[in-house]
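Here you get one chain, nothing else, as structure tokens; it is the form predicted on its own.
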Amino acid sequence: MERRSFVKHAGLAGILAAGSAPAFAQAQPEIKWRCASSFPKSLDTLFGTSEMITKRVAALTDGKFQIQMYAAGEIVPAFGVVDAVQNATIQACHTAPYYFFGKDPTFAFSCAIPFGLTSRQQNAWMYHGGGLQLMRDFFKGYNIYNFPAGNCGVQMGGWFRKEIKTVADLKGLKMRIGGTGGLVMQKLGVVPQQIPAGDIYPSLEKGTIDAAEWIGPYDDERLGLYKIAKNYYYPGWWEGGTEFDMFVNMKAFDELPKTYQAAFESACAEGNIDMQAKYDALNPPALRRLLANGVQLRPFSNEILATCYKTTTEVYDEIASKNANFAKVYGPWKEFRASQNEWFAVAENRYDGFMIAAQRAARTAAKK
């Protein structure tokens, strides 16, 4: 009798729950946002990630929360997105935060800085190392919430018309380079220029610049940079794991229903994972295609890397001595980096080193 009563009431509860779902969905408001990207539609990894995020938000809210994506320049210039979000001209943007280091170098901690964290280390710092809270405190001054929404991993060192064998070869070079990496390069005699993705190829073609870095093989191939400069250097020491963010106007986000806020944050986290996975899958075949097209793959020398590392530390110390925002983040960030590098040296580095050597040995043996 008790069992039948339980089943009866349980069945009724299930019916009521099922019947209430549409009513709950109907009670949620219809909200439409505009989101501007700093990237063109042709870069399907970068612009594609923002589209994936907006589609995911719509799916998670039963189509009630719609975010219209716009490519760079459609409604806001590539480097004008922060001002547009801050001033509520648009509700959100998808960008590389270090583009705005001219406003404050602290922006770059939410993206990448020279000899910084790898993508995994960056995620660890943001999600579990206190980084997200530090950056949220900073971005309050710009009326912005930041959400990690993509990472490309270690970038390539870029395309050069001539070989770069020594530090002296950098002097006088006009180079497209974004973020704080340009500050380091400038100290070594480079003339850094921040140029949007869509303008890199024509700038290189016309000789306005002598070298350019973007991201890695897949995107670089799509931009066609290999057609002009054949020397492809690695690694991009200025970007060990570049984070891309969704910036959201604070008032607009605070006015969202809690379920919409959760949907947006979850979609950004999914985009953060998906972008890295996509680049890791697409870069190897792209690199093989580039090499088949006559690209010369070249490593930066140890001399260049050591000099750049020393110069980078000097730049950080200079900025921290003058900028309280930067100093507040730099201290704990530096401690976290040291801890991460100690751990990665134990497990990841040894494992990766062995696997690379083993694969090379196997290929050599197969050719004999």
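Since the model is a prediction, treat every value here as computed from it, not as a measurement. Numbers follow the displayed sequence, beginning with 1.
From this point on, the text means the form predicted in complex with another copy of the chain, which you will not see here.
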For the three residues 119, 280 and 306, which mark the spot I'm curious about, does each lie within 4.5 Å of another copy of the chain in the predicted complex through at least one heavy atom?
yes
Tell me which of 65 to 73, 321 to 329, 337 to 345, 31 to 39 has residues with heavy atoms within 4.5 angstroms of another copy of the chain in the predicted complex?
337 to 345
May I ask you to state whether residue 210 is within 4.5 Å of another copy of the chain in the predicted complex, using heavy atom distances?
no
Decide whether residue 60 counts as a contact residue for another copy of the chain in the predicted complex under a heavy atom distance cut-off of 4.5 Å.
yes
Just to confirm, residue 167 within 4.5 Å of another copy of the chain in the predicted complex by heavy atoms?
no
Even though the partner isn't displayed, in the predicted complex is residue 156 close enough to another copy of the chain, meaning a heavy atom within 4.5 Å?
yes
Tell me, which of 265, 83, 205, 104 has a heavy atom within 4.5 angstroms of another copy of the chain in the predicted complex?
265
228, 256, 191, 269 - the one with a heavy atom within 4.5 Å of another copy of the chain in the predicted complex:
269
Partner contacts in the predicted complex for 107 to 128 (non-hydrogen atom within 4.5 angstroms of another copy of the chain)
115, 116, 118, 119, 120, 123, 124, 127, 128
